[in-house]
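A single chain, nothing else alongside it, follows as structure tokens in the form predicted alone.
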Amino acid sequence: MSEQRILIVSHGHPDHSKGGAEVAAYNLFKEFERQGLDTVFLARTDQPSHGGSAFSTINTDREILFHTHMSDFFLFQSGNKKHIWQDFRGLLEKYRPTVVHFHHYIHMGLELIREVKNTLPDARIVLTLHEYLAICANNGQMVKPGKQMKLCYKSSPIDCARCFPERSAADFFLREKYIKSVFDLVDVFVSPSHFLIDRYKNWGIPEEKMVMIENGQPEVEAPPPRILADSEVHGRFAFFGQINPFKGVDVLLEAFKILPEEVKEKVHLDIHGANLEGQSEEFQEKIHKLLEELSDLVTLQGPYESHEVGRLMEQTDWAVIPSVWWENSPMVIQEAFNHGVPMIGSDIGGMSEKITAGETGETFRARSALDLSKKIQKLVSNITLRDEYVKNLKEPLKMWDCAGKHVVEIY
């Protein structure tokens, strides 16, 4: 392992972007550093660089910001080709990594993968898939455009053209061929869920090139159960994540709105999330209206930093993930389990894979505020249920278990 030189490429740095994929990539980098491995972290940023350089450093000289962008989100092509064939190539020639592990290609360009193969043909190329961008042109969500956001079960050029009538089926056919031509250069695809592997296998990625490895978690000491006041129940619920139409915050708020009055007296919901102001005006109005109606029950806490998760989990009895799309392996599930907090989640995608209903939490019918409301009532009415679920929580993979598996079996 000491001979390995590892370059981890991410579409964002956690200091600037709080998404789960960025955190997963950075956690892996920091664990490799702790283990003494020769590792560099390259993260794309939309912030302007000093003097127009494509690169700058952050925190240490092993953490490099890549000041670049994409111009074509249909084909994931770089908006500045010089950043690929000159700047990125120069970085590869300087560090000469034996392994390049991409945790994304969006905002940078698929051409990065081909440049690795052209510049360092013997380097191992690993790509972690975090969603379905290659399969689905609708933000990789596999949800059909429109207000109903109907779930999509399988893609085809004809079906995709129906979702985007401004493009032809031939456009989508050629898009798929182009992306697969780049993916052919990848040695191993990593997925944190079996569900995502099945989706990509059905799309045409060879099963033998894919491996499921869960996102690792840092070592933490699970907090003791929250001490309940007299006559209090386990009624503290919390949402962690981005506030956008795909995350189902509106479903969660609707569920609290229809709770019986006697249950409302026992519960409270904290929403820890960001980016509401970046959503459509219609969605913002909907959320703010629900928050106003539920002002006694719900607190919008705003964004949080990764290092604050433990403190916030200590104040939580149940974490809720009400997403309306096929989540792959949401970081919040592993974070909650790592801190001894059971989950309630939608019964689709990687959420139902990670949450064992009746053992480590509850699942509810995706998009159904009524079913979610019933599950909340169930959890609040049974005072011993939370303790039973906490006992069943399996300890998540620690970072070195995860990183070690990457190194030994893949790199």
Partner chain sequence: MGGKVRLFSKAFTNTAEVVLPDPVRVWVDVCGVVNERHLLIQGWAFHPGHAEVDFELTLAEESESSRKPKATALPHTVLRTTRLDVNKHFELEGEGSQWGFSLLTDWPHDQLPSPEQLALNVVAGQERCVVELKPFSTLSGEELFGHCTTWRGEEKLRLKRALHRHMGNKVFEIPGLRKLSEEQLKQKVNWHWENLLSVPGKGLFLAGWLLDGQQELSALVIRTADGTYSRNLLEDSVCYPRPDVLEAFSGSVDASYQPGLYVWADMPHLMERAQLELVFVTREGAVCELPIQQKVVGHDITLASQQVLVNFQIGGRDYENNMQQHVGPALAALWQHRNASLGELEVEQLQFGPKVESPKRSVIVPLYGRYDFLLHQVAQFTNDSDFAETELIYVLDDPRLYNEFIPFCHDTSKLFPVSFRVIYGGRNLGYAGANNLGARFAQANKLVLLNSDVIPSAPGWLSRIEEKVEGLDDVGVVAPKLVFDDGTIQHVGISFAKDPRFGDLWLNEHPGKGNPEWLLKQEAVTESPAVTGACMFIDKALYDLVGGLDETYVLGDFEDTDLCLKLRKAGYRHYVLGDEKLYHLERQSQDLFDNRDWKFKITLYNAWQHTERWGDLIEELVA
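Everything numeric here is computed off the predicted structure, so don't read it as measured data. Positions refer to the first chain, counted from 1.
A second form of this protein, the form predicted together with its partner chain, is not displayed here; the remarks below concern that form.
Taking the partner from elsewhere, residue 147 is found to have every heavy atom lying beyond 4.5 Å of its partner chain in the predicted bound form. None of the heavy atoms of residue 348 is located within 4.5 Å of its partner chain in the predicted bound form.
At the 4.5 Å threshold, heavy atoms of residue 45 stay clear of its partner chain in the predicted bound form, well away from it.
In the predicted bound form, its partner chain lies farther than 4.5 Å from every heavy atom of residue 202.
Taking a 4.5 Å heavy atom cutoff to its partner chain in the predicted bound form, the contact residue among 186, 91, 84, 120 is 91. Scanning 283, 195, 95, 246 against its partner chain in the predicted bound form with a 4.5 Å heavy atom cut-off leaves one residue, 95. Stretch-level contact check against its partner chain in the predicted bound form with heavy atoms at 4.5 Å: of 29 to 37, 352 to 360, 378 to 386, 51 to 59, the positive one is 51 to 59.
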